[in-house]
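The chain that follows stands alone, in the form predicted alone, written as structure tokens.
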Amino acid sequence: MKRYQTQIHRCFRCGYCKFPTDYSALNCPSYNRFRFDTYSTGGRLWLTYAWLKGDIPWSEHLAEILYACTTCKNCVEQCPMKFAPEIVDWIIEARSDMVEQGKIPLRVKRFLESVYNYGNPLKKTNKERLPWIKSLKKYEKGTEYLLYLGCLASYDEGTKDMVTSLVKMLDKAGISYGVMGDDEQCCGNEVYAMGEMDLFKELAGKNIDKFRQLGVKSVITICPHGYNIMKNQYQGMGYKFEVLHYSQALAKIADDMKPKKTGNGVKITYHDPCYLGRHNKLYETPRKALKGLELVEMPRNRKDAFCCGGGSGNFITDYLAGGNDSPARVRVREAAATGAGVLAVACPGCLLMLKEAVKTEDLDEKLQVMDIASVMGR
């Protein structure tokens, strides 16, 4: 607690964290949703500082404000201060302090309990894994890549086309891969972002032990969240392995393919997932997978992309839902305004959030949400 208390007061709420580079819109998803300064990064940090000093008591509402942050890192990109790279770490550490004191909001508590009891936040048992997953190749020693599906791709029917398209592309390219099946559990990225470090260490430790037993040298993750946590946290936990996001594998495949043409004039726009883009600077790689297609960019793209609202567990806790200003609804309206017929994504969380928003906005006839593997396989 004291580590960041000595730094956090240096934020003087200049407001840069609320905007993209050109100040054309509100780019902090929680501030855009609620329009109260307490939901901006600067406001959130000052509330945290007041709580740390004892000026205000803990409350359920205070905790909800902290957990409404999607950890999208727009604030990190826009903050002009030298401490900018640490901002999201401060928020996560403040949450960790709350977890240690047993002071967390009910939705977060339920999320963490589900992961602890089921190994995933969806409260699904191994028997409830999508039945077609059982037909996928099981990882064996000597296989080149472990294909790590992640929670949403394992249990949510809405991701089926995403995964089946991906494995078809991998098979076509002759890439050797296998899945863990029932041995796979949550990667822990959202658990880490929520500040439950003991549970995160338990999840990561079990995954790493299994990787070691199987002799895994390289992992392809479907979810950017899994890519992020394995690349940036697992590597310091005693077992080294290569981590690729599936867009990186597809980009390699695309280099060996003839440029694909739509043939029907359908324009495509691409949404940058926060944990692939701002967290790990993979902006051009997913776009390589769309080589040859008519790509039109949304005004907010790459480091200025607007978050779908699902990060940091919000695809379950849903603190930013409701109203016209919910992040996913804002984003699909922006995508539709480009004239694109397809909104391409590279994250199962973004896929599900944006699909639902398209329905809510009555854009079904104008805009189709597809992941980049499905677009490549058209």
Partner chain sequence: MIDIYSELTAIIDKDYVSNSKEELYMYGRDPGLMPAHEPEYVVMPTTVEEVQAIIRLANREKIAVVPKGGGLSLTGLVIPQKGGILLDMKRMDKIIEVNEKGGYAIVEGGTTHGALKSHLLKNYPHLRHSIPDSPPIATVVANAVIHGQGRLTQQRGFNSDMVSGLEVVLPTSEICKIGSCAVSQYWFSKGPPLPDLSSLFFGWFGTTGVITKLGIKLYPCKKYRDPVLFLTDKAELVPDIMRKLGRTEMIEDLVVNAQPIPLRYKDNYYILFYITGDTEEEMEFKRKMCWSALWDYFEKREGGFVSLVPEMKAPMLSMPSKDTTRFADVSKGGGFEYSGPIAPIEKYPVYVKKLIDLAEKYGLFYSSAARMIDGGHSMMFSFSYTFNRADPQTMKRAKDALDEAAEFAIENGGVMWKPNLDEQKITMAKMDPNTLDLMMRIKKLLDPNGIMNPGNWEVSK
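For clarity, every value in this text was computed on a predicted model and none was experimentally measured. Positions refer to the first chain, counted from 1.
What comes next is about the form predicted together with the partner chain, which does not appear here.
Only one segment in the set 327 to 335, 46 to 54, 309 to 317, 347 to 355 has any non-hydrogen atom within 4.5 angstroms of the partner chain in the predicted complex, and it is 46 to 54. Note on the partner interface in the predicted complex: the residue among 283, 83, 239, 116 having a heavy atom within 4.5 angstroms of the partner chain is 83.
Comment: the partner chain is not present in this chain, but in the predicted complex one of 96, 78, 301, 164 has a heavy atom within 4.5 Å of it, namely 78. No residue in the set 267, 270 and 287 has a non-hydrogen atom no more than 4.5 Å from the partner chain in the predicted complex. Residue 365 falls outside the set of residues with a heavy atom inside 4.5 Å of the partner chain in the predicted complex. Using a 4.5 angstroms limit between non-hydrogen atoms, residue 31 touches the partner chain in the predicted complex. When the partner chain is considered in the predicted complex, residue 39 lines it closely, a heavy atom lying within 4.5 Å.
Although the partner is absent here, residue 360 lies well away from the partner chain in the predicted complex, with no heavy atom inside 4.5 Å.
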